[in-house]
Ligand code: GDD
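A single chain comes next, written as structure tokens; it is the form predicted alone.
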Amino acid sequence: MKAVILSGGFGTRMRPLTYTTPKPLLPILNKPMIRHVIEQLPDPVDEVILAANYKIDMLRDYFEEAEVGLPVRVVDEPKPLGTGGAVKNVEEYLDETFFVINSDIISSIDLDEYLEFYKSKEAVGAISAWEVDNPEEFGIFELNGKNKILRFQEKPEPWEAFSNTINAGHYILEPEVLDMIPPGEKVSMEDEIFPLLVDDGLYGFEFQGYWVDCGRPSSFFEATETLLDYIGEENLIGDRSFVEGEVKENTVVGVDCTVGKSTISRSILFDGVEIDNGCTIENSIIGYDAIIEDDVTVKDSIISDNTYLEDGQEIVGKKIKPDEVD
């Protein structure tokens, strides 16, 4: 069984971090977010197909070196094709029931249970289902008593929404679904294909626990806090990191970091960060190998990789781009 992981897109909402790193490799709890997805895959999956385009060489290099327990085939998507077009682009590798999963979803879904649920149905596909309080921000669908999907609705007004069940970004599909997608065209699986499958047997798999779409900095923090709570830790300090100062709750310090007599709160430090004395880092993300000298304040900001902040600077509510980006 194959699992297609959708890893295209430029990660524009996560800039400036994605100027230098493709979004699937951004770390959550010191692990690339795509590793969280791969480690959830059930035993029947014997290969991962990564549908990607932006910074594809970095993705290939990562999976050539990393041991993730499964072979990973990185397939170039020559132009943005949408979720449906991206899956169609890897059709040659799909000859049986397969998973499709968004690479930026962090959740507690049990994919073994999901697969067993699907096998119990006569279906052409299934969609993971998550309940939200604000369905107007999402595409929603309605389930009957047997979890069969009856209809869809895209970003309804609050008074028009017929359910609060949203598409949670994990699909199980039959190869015949690919026949409905024209090759080389941009196609949305969610908007253009799934509504056509309702009469053929499309089901929703409901699960509990947590679900975070890590497409923007606010949800990046939410995923970090959710997973820290899940593992019962207030913070996380990576291997070979030395911390002399105070690391408060909901903070992650990467691998090979050095933190002097400074205070770090609700922040994420990527690997190789150096922070000297007297600094305050709050509600911020600090990119790889950044160097922050004495008495610097960084609040509500994102600092790019390899940034150098001199003594006494105050950075509040800013996004510091890499030097090579205009």
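Bear in mind the structure is a predicted one, so any value in this text is a computation, not a measurement. Numbering starts at 1 and follows the sequence shown.
Beyond the structure shown, there is the form predicted together with the ligand, which is absent from this document and is the topic of what follows.
Contact check for T83: a non-hydrogen atom falls within 4.5 Å of the ligand in the predicted complex. Within this chain, A3 is remote from the site of the ligand in the predicted complex, having no heavy atom within 4.5 Å. Proximity of E174 to the ligand in the predicted complex: non-hydrogen atoms within 4.5 Å are absent; the residue sits far from the partner. Under a 4.5 angstroms non-hydrogen atom cutoff, the ligand in the predicted complex has F138 among its neighbouring residues. Contact annotation: the ligand lies within 4.5 Å of heavy atoms from the stretch 74-82 in the predicted complex, the single such stretch among 250-258, 74-82, 226-234, 174-182. Contact annotation: of the candidates K148, K155, R240, K119, the single residue with a non-hydrogen atom within 4.5 angstroms of the ligand in the predicted complex is K155.
Taking I285, L59, A51, A290 one by one, only a single residue has any non-hydrogen atom within 4.5 Å of the ligand in the predicted complex, and it is A51.
Shown here without the ligand, the chain has W211, D213, R216 in 196-229 lying with a heavy atom within 4.5 Å of that partner in the predicted complex.
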